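Shown below, as structure tokens, is a lone chain in the form predicted on its own; questions about how it binds or moves come after it.
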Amino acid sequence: MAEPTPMMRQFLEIKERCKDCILFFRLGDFYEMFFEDAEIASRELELVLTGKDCGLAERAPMCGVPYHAALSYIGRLVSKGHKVAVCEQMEDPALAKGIVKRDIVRIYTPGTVTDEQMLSQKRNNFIAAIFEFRNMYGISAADITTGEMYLTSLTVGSTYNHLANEIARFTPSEIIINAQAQSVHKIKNFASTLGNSYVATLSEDLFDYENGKSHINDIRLNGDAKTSYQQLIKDELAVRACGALISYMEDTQKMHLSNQITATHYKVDEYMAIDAASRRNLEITETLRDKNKKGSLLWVLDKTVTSMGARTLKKWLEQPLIDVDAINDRLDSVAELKDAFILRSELRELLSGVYDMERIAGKITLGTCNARDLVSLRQSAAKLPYIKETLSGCNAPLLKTLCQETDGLEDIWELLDKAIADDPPVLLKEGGLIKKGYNQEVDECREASVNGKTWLTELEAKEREETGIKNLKISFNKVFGYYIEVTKSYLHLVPPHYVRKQTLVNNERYITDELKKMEDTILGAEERLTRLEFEVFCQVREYVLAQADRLRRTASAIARLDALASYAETADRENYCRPDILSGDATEISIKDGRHPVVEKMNASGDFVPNDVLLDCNDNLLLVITGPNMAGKSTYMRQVALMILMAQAGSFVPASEAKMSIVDKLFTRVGASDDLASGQSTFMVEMSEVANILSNATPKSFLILDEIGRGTSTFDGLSIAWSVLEYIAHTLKSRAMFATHYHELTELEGTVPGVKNYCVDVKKKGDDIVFLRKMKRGGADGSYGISVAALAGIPKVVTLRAKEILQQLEEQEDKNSSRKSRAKSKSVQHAESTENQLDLLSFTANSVMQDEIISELKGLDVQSLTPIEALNILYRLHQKAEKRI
């Protein structure tokens, strides 16, 4: 029976510990992959698949990559959803007895990568953990590169939709969930909408409460430490998720992380709730179609000059506030910076010189920072005293707070300025890390090394003169060390004390006793210098590590300052106004000359038509908006939603005047497509989104509903739209904008309290139409569908034929209406002439029909029916009655 070689046996033992990973197994200067790992890697990385005899019955499939280029290959695998375990040689092969000791030193996963080339600078890379228990959820999300973590829970009454909406807030690149959770398959489907997030199921043991509690004892908590700790410990679901997430991250990094994490424990109602569909529909951080930043709200507002600020701005837009005081704190700061052009310009100039201190601090705590990171930190620290001084004259409370939280880091700057070279290498064991004058021993070793090289230069000149070999030169390689090289045309001049070491095509290489003695001195000095520089660098890094809390606190202040300055810069450039945030029981949303921030920016001609809006929970509760396609109904509704979101995120808004009461939840039902992954049709997706809105909206919510019911037949669609509109007005009492092509809905104004009709103004010129983009009171006087088709480029022959068909259909409808009217008149006359006669058959049929309807109505559980179910039953009974008549 074939036995694996010692090396292959070692590989198989280590692979057993990371079955779900592609194992990069270090062999000399290469990382090798075997068996299925090799097959996957060769396919994903386009590597040549070879084989290796490892003592097994068949050659093992194998492929490999050079160790110095491994990071780029690992990044490509991780970006495609794979986990990669890196197995290193733990001892010098030259000194090892038997097989070299090897072990896993790092596991790369989509949510735990820390290397810059695998990360986006302007967005967090979150990993989320979910603990599910009886339709209750504990949620933890963390960014390992910045050390920030967020914890919350969804308790009794929560649904999977609530979970999906909360996870969408973080857009994690990786999700871990307990194996016994019922929502695993749903989470995997949902993850595909987040950009194909990697989903892993882990054992229940990892979600143990005591495990979570032990980790929480080490982490730092935002807010009052004692109060925050007591509140968090009581949240068992969040504690379990937290423990699992930290354990998982520590396993990937192979180090203790709890004391490097700063956690925020929050409740979901502390921020505006935006469901996952609305995040996509409103294109807050990326476009719906191609997932690009350009064309999103973030693209318009992001004028940040630091990576930290860009990430903070993105988080603010994804998590709008509902606390009026906190919103006004941001708005006060934006107002002051907007009106102080010189101050803002100076601050932005200073901020542009600040590097990513959050991630540098993260690399320091993870032990992965190099000398260039410390140079970046030094250059950033040099700007901090000036930023602090510039901020000191500001009056806004939040700006004053940021000034206080900004540490000048003078001691860190002084140390790094004295110790770290200005242009150090990337690798830490190549030397060149430490400045001259910082460490005496390093200086002595460096001088010995330099003097030795000077001696070599002098020896080369002396040998040329004594031998007469004009092109004699002294060179070095790792195999022979230092040697004297002589071309063959001068071999007759080589002195006898030269010892030949190598013969080449055009020259010979020699050594001498004198050269070998000096080689030992020079190489010994260089090796000692490299070792000493690394030791001194580690000492400097340890000092900075001890100041990690100061670094993170300052980085957070700088990030928020940059985000506020970005808001102010945008407001100044784009002529935005400060919204008046109403407190208490106010329900008004009043906007004058509102504009869509993205459409306005994308519109190169700059002729965006502004519009007003007035919403409240009284006479202007629900706006029914009619008008032709392409006229601007959707743009109008979305701009209102985006302005509400912007205001509560602390930004100025594109309007001449705005008053905003707080919105607790923002819902949109705009557009839909088949969800093939879950087997849902367009109409089913639409109805699911509507059901989510009707189940979760409150009187403080704001709803956008665009073309409800268009995915089914006309009468079904109209009935559903009508019923939904009534339910919102009578039951939910949520402020809403309702765009529709069902002109029959305009009849609800005056009959349903709070309903107001608006339409997009259109100017007609013969058969052509011009969209004026201006909203006006009242309903539209037509759909203009054929005219819109012509504008869209439909061939003229098709639109002309469409007009003919439309005319025929309208004439047929008129005839049917006339015929029905005459039939009704005859029926009435007949009834009057025979009112004293009874039709036994009719009486019997009607009685049976009435009994059936009564029986079905009595069997209904009215309290448990949803509006949609009630509407479907009513429609079926109506159809049954019509057939009997």
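These figures come from a predicted structure and were not determined experimentally. All residue numbers are counted from 1 along the displayed sequence.
Another form, the form predicted in complex with a small molecule, is not on view; read the next lines as being about it.
You can rule out all but one of 295 to 303, 518 to 526, 624 to 632, 148 to 156: in the predicted bound form, only 624 to 632 has residues with a heavy atom within 4.5 Å of the small molecule. The single contact residue among 79, 352, 603, 379, judged by any heavy atom lying within 4.5 Å of the small molecule in the predicted bound form, is 603. A single residue from the set 187, 599, 421, 194 has any heavy atom within 4.5 angstroms of the small molecule in the predicted bound form; that residue is 599. In the predicted bound form, none of the heavy atoms of residue 661 sits within 4.5 Å of a heavy atom of the small molecule. Although the partner is absent here, residue 611 lies within 4.5 Å of the small molecule in the predicted bound form, judged by heavy atoms. Among heavy atoms of residue 619, none comes within 4.5 Å of the small molecule in the predicted bound form.
Using a 4.5 Å cutoff between non-hydrogen atoms, residue 224 does not count as a contact of the small molecule in the predicted bound form.
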